[in-house]
Every structure is written in structure tokens, then in C-alpha cells.
Ligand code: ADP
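Only one chain is given next, in C-alpha cells, and it is the form predicted alone.
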Amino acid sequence: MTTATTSKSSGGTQPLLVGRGITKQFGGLVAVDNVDIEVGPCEMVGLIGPNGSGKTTLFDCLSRVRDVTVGSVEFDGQDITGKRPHKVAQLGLSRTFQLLRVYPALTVLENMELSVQWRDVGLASLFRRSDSTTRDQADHLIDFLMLTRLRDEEAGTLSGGQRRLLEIGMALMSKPKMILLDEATSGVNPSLVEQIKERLVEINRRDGVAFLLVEHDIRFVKDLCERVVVLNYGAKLAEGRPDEIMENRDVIEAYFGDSGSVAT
């Protein structure tokens, strides 16, 4: 599969997402240590690293789920360092999570409709019937993500892969400019991984949605991303093309602690 990347932040295009000197401390523990990261419009960037390297915490900082201890975050030319997560979502930065966050007792359609209620944050809005435009958007995405036959099924009955697709659909409901995608293949049957990959490529190419992907499946990252950032012990260890990263001795040492190579 060829890469889906259509532009680079390093190629003269104004970056869409910029993190500068991102540091996050929990007491005496430095979870993210002075990390700079950029993602350009329409770009697909991989964020990899051993377990505990700070990937999800960096995601939390970039999406404003957690406050940064030091550093700044800009999105689409705006400083979002002090903004609340729902305000960041309104600007076009969407997010999925390592642990699935769907509403198991609600149907697939209801999950999709509810995912855009951040537009009018408030208890009353959560129970208001969605407008026809929202329902049409939900039906379109349900069909696109191969969930049509499950439209009226409770999300709790779906397989892990189907719930991942649902969560991606929920992230797309607000028509974002960029998605922070955390562990898209975690717990997913291999037969569905290729389908998820194909849908992400189409979303990127057709709609111009940029992606920053946290992922343990190195082949998945290699197939989708033209650029990869590697974290280790909270700091940036390496950055480059997937083939460069797979042969980087520091990266190999961080993952395996020997002279092997990163599995592809």
C-alpha cells in the first residue's frame, strides 16, 4: 500500500497542529519531556514508542484532556494551550482513545448522533433529538464504515473491531480537520485491520482529514504514514520516514534492547 500523505508540515505548508516544548509532570515523574511535534494539513503522522513512553499522555496534552506543565499547543493558527477539550473539538481537532469510549447501552446510530452534542454543551442537548442533517451524516458514515446492518444494534454487542470503527465514525461526525487516533488496531481481529486502514486512507484523501496515530502495529504505521515520531521515556528519540525509523539503531535498542530490527 502506498502512503496516504499528501503534504508535509516541513515542506513549506503552515502546520495544522504544533506542539512546542511539551512537558507533562505528575509529581516528580516526567511523563512527557520537552517534545516538539508538528502535523501538516492532510498529513498522516505515526507516533510510536515502547509501552510507557508517553504517547497517550502527549495525546492528552495536545487534545487538552490534560494541562501541559510546560510548553504550548497551537491548532490551525490558534493557541489552544489553555482551551477546554470541547472548545478544541469545535475548532476541528477530534480524538479517539486507547480504551474504547462508546456508549454500550445505546445503538450505533444513537452513539453517532450523540457524538456531535458538544456543539451545545449542556444536559438538555444530550436528550434532544438530532436534526435531519445530523442523522443523514450519521447514516452516511455508518454505511461508509461498514456498520449498516448494525445501525440499530446496541454498541455493547459489537466486536472490538466494529467498536473501533464506530469510534472513528463518532470522531468524524463533527467533520474535523484532524483526528488524534489512539491505538486503532488494539483488540481488532486481523481481518478488520485492513478494512480500517482502507477507510482511513479514503478519509484522508477524500476529505483531507489529517491524522496523528498512536499505534503499536508498526506495519500499520508504515503503510499509512510518510513520517514517524518515536518517543522513549517521554522524550523524542527519533523522527523520519518509516524505513529510516525501522533501521534506526536507537529505536531498535529502545524496542528490543539488542541488535535485532523493528518487525515490519
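All residue numbers are counted from 1 along the displayed sequence. Since the structure is predicted, the reported quantities are computational estimates derived from the model, not experimental observations.
Another form exists, predicted in complex with adenosine-5'-diphosphate; not displayed. Remarks below refer to it.
- In the model of the complex, adenosine-5'-diphosphate lies farther than 4.5 Å from every heavy atom of N204.
- The shortest heavy atom separation between P41 and adenosine-5'-diphosphate in the model of the complex exceeds 4.5 Å.
- Put simply, V70 is far from adenosine-5'-diphosphate in the model of the complex: not one heavy atom of it is within 4.5 Å.
- Contact check for G208: every heavy atom lies farther than 4.5 Å from adenosine-5'-diphosphate in the model of the complex.
- In terms of contact with adenosine-5'-diphosphate in the model of the complex, the residue from R64, R227, K55, K236 that brings a heavy atom within 4.5 Å is K55.
- Residues are counted as partner-facing when one of their heavy atoms sits within 4.5 Å of adenosine-5'-diphosphate in the model of the complex; in 25 to 40 these are F26, L29, A31, in sequence order.
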